[in-house]
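One protein chain, two forms: both are listed below as structure tokens, the first as structure 1 and the second as structure 2.
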Structure 1
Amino acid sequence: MGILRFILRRLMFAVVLIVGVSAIIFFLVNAIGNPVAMLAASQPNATEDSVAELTRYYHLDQPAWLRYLLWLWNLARLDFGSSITYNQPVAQMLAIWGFETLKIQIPAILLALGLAILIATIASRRQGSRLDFGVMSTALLGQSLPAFLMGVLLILVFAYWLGIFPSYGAYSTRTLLLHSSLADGLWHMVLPVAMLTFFNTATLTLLLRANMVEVLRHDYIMAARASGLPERRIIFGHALRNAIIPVLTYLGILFGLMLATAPVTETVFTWPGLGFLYINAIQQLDYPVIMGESVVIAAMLVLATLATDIAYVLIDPRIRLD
């Protein structure tokens, strides 16, 4: 019952937090002004009747507090409204474009976690060696380089110089690779996933290596070695399990910010995901898309933090639920 009560309490807090964030997002975005009037100013063929009709349709003629309550009620029913520029349901757009974003973000995070565990484990066991120095230097370089620069370098080398991978898009507009849409999609994923994996691996390696070095110095690790346990069991059964607990916080944030960090990657590779959609919505003042995607990003971050807290409790029994 303790864990169930803990989860329910955190869920209630998450709901209150999401509602508060939604209010901030709504009033900040709407403080800019009437998007229909702004868009009509750049369209010489727009008539006053059409502007007035669109204003009524999006409830822009109502007070801000009433529009927020209507928008919040629609959010509770997963109705994000309709896009002003695309004239499509925002929920449908988020689902379609969101799939493309998750298609490169989730594999990159999982690959980075696997690589970080392998690299950090090897480097921590050889602390102070040339291998350890090389791992630390490469990881620090990966953290320091701007994300867009790495993307441009990957495109320059593997797309233009070597001609191995495509430089943009999620699918080919010409003959599909091996006449398979699946193979063609995977072919286009290589460079974006490689860019995201490189940066995620760098940060995770630094965190995990530092934790592993500290854990390997503890008395219980020395006692396990003195008792004759195999080194493999000591590292992966005892040391890694304790060293990875602080990394869960970063992983939770990383999963929560998948959509928030998407614009850089998707702009560099012209990837048709939520990041690319978000940039276009801001440029075109598409309020329903901006607000809908902002709330989804906030909700993902809150839920990822909740999942991290639950994982902490399940992994580390020393954490109190009170």
Structure 2
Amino acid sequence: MGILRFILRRLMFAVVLIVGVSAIIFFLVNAIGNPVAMLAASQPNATEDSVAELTRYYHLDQPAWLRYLLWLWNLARLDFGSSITYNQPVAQMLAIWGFETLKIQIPAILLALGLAILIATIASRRQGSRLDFGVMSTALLGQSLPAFLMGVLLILVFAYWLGIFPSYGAYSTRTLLLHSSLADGLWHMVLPVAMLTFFNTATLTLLLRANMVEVLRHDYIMAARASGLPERRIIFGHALRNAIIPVLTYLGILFGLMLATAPVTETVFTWPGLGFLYINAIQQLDYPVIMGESVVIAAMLVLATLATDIAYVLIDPRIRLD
């Protein structure tokens, strides 16, 4: 099967997925009742006219299935509607808050990949040594230490006890009010990125080391050794290239996992990202935001797996698409 047909099929699957997820959430939110009525109940000086106007604006006087179809139709034109509590277009909000999320997720994944390659290569070359055992035990422990607990520890030690890094937020108030400062933004990123990197590194190292050990046993490694290639070229040119393929496919899953648990990791650092926004939206029943975000995250998950599948094929010519 051609790669284009494969991509097309997966994209169709993504559409089915998005329709499915959004339908589940839409009808659930709908079962609760009227978000505008809830909003009005909390605003004592809301007039009947403004309530009626809002109700008409969100089409709450129409049946649920019709509103769902309307929502889908708007989504097809990339119109996510506007937030009930923030009075902003959802698309704009997703872009702003999503940037903050990716700002800590992507560096954490890339850093972890680099660290895992370094650590796993060293450990697998000294199999069974004390160093190998130590690295593997730490990685096994690290994999069971949930990222958000690591975050709590990091805040306690580096923000409260040592006072080096800030404990919350993406920028300090000073930056927000006076001038934008790159250094300040980076300074705030250190702890959240460290938290995510630690977890990702543990997982990736375990996987990569297992693959390296497996690959190093193959005959072609022995053949390379016999032909007198320098060890460095054997490790990086032959062994690592083969061992890293399953790790690359795992990156997509890992990215998805990080995105899905963003509400937790971002709550720990009061980080203004998609996860934090999601929690707020659920609390306020801001359903355009809830739906828009679920759809965007589901789409990112599918695209991440698709990207890794394509990378898989490009790296390993033995793999066929089906």
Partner chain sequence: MDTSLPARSRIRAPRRPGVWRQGWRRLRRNRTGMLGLTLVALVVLVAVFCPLLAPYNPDDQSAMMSFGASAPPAWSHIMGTDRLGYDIASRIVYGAPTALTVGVGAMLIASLIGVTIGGISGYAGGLADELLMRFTEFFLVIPVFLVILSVVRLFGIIVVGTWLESVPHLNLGTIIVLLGVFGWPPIARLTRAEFLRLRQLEFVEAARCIGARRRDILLRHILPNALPSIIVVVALGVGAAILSEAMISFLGFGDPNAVSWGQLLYFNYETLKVAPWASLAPGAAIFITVLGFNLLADGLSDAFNPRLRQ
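For numbering, take structure 1's sequence and count from 1. Heads up, when I say rigid core I mean the largest set of C-alphas that superpose within 1.5 Å between the two forms. The structure presented is a predicted model; accordingly, all values stated were derived computationally and were not measured.
Trainee: Of structures 1 and 2, which is the form predicted on its own?
Mentor: That would be structure 1, which is the form predicted on its own.
Trainee: Aligning on the rigid core, do we see the C-alpha of L259 shift 2 angstroms or more between structures 1 and 2?
Mentor: It does, since the L259 C-alpha is displaced 2 Å or more between structures 1 and 2 after the core fit.
Trainee: If we fit on the core, is the Cα of Y278 displaced 2 Å or more between structures 1 and 2?
Mentor: It does not, since the Y278 C-alpha is displaced less than 2 Å between structures 1 and 2 after the core fit.
Trainee: After superposing on the rigid core, what is the C-alpha displacement of L17 between structures 1 and 2, in Å?
Mentor: Taking the core as reference, the C-alpha of L17 is shifted 3.8 Å.
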